[in-house]
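One chain comes next, on its own, written out as structure tokens in the form predicted alone.
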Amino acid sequence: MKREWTLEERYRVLEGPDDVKDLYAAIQKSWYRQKYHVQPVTGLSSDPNGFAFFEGKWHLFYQWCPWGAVHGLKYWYHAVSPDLVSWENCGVGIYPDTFYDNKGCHSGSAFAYGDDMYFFYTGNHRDENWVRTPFTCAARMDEEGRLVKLDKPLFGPREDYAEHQRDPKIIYVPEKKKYYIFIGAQTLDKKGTALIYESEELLSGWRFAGQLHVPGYEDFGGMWECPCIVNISGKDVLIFSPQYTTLPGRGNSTNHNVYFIGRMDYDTLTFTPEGDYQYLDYGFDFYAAQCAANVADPDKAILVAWIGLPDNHYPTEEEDWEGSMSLPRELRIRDGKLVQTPVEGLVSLRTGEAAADGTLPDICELEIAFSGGNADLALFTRPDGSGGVTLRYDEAAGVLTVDRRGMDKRFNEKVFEVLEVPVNGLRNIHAFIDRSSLELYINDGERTFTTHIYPTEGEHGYTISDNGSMKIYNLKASVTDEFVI
């Protein structure tokens, strides 16, 4: 039974580790704790934040509500990695402890400047009448790795837009000799957009430049969360999460993650797409994707997302925790579309090839090949071969259908349980299975599909059609699940 949370419970202030040590101990007993994905130390994780490479380490923060699987008072929780594969818990990075962020430190990004790393986030202020005022705030990482906030926000909200103004993404454009911040926003008539601010200085002088224009998409969703812009191989890529709208092929979901490839004109604040929007991931549970700062290779970006969706609910809520980060992905452009592949270092997790005896290990990697024609694959089947997550490819239609209705633990049934992926000739699927997630890279990353999954003790089989072959690799754990607050 879904727990009902009071406002006081959701927005309780974390006083110290003792407040959540018993909750941590309880959720360690959960079968569904991930082994090589970043996940909440307690409670809820949602959007990835402040993702960047700095002084030999990858820094990743995530939205964290300590108390349970509920959206309430948000902190930034910090994890670090030398290689995007092995992750270590570092504790809380940003606390909601000022006037400007008294009801939460919401999403944002990072930027390296000289010998320093700065973080930009939305301070969620609410007054005694619960009226929201979003502030764009900043913090600097000190020598001990602590984030020290600036005394005042960089700027406040604009009154000619709705209260939904958040998730600053900061970039530097050398040709303009300016910094730019993209803010996800909603117009007063409830249309999604992004606002752009500019400055010649990183921490001062910020002024409103105007609203982002994307021709043909003036009425696309009701809020654009987590805007992200990155240049790959000379092309600009605009990524964001449109809300409050249904989109073709996405069931009843009103939360999505999309991208455009095109050109950004900073003089006119216009992003001109080369084609229609594309889904960043075709799966049930993928949202708020963010690209890392300080990736040296101009031909790729590194992306991570939240495995989950706003307003959706998952079986681990009953255990008072929920959420996970996706595996980091390398993004490249091929034939006018993004190609996404797992970071190369993940191969280091392999501990050997498992026997292809019809049984899936609890955590594993699959390399699946198909020789052409229609194809069928079922994962997490029962001992008699029934049930599971089924993947059926119709070659004539060019569609791969993913159906998770056969699982014992069903969830978000009214949103979607069956989705289709356009695939031009199914050649291969590269899959990663963890205790409560399944990530598919289809045709060498031309399409991806991410979903939470909660197999029971009797759901560890698989079947594959005669035109398919599969290699299974056992994987070792790579995420420390230590209690660090």
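The first residue of the sequence shown is number 1, and the count goes up from there. Owing to the predicted nature of the structure, the values given are computational and were not obtained by experimental measurement.
The protein also exists as the form predicted in complex with beta-D-fructofuranose; that form is not presented, and the subsequent description refers to it.
**Student:** Which one, 149, 166, 78, 125, lies within 4.5 Å of beta-D-fructofuranose in the model of the complex by heavy atoms?
**Tutor:** When beta-D-fructofuranose is considered in the model of the complex, the option within 4.5 Å is 166.
**Student:** Would you mind picking out the stretch of 222-230, 78-86, 365-373, 319-327 that comes within 4.5 angstroms of beta-D-fructofuranose in the model of the complex, counting non-hydrogen atoms?
**Tutor:** Selected stretch: 222-230.
**Student:** In the model of the complex, do 32, 404 and 436 all reach within 4.5 Å of beta-D-fructofuranose through at least one heavy atom apiece?
**Tutor:** Answer is no for this spot.
**Student:** Just checking whether residue 287 would be counted as a contact of beta-D-fructofuranose in the model of the complex - the rule being heavy atoms within 4.5 angstroms.
**Tutor:** Although beta-D-fructofuranose is absent here, residue 287 would touch it in the model of the complex, with heavy atoms inside 4.5 Å.
**Student:** Is residue 306 one of the residues lying within 4.5 Å of beta-D-fructofuranose in the model of the complex, judged by heavy atom distances?
**Tutor:** Yes, contact at 4.5 Å.
**Student:** Does any part of residue 106 reach within 4.5 Å of beta-D-fructofuranose in the model of the complex? Heavy atoms only, please.
**Tutor:** Yes, residue 106 is a contact residue.
**Student:** Within 4.5 Å, heavy atoms only: does residue 451 come near beta-D-fructofuranose in the model of the complex?
**Tutor:** Judged by the heavy-atom cut-off of 4.5 Å, residue 451 is well away from beta-D-fructofuranose in the model of the complex.
**Student:** Are there residues in 46-79 with a heavy atom within 4.5 Å of beta-D-fructofuranose in the model of the complex, and which are they, in order?
**Tutor:** Contacting residues: 46, 47, 63, 74.
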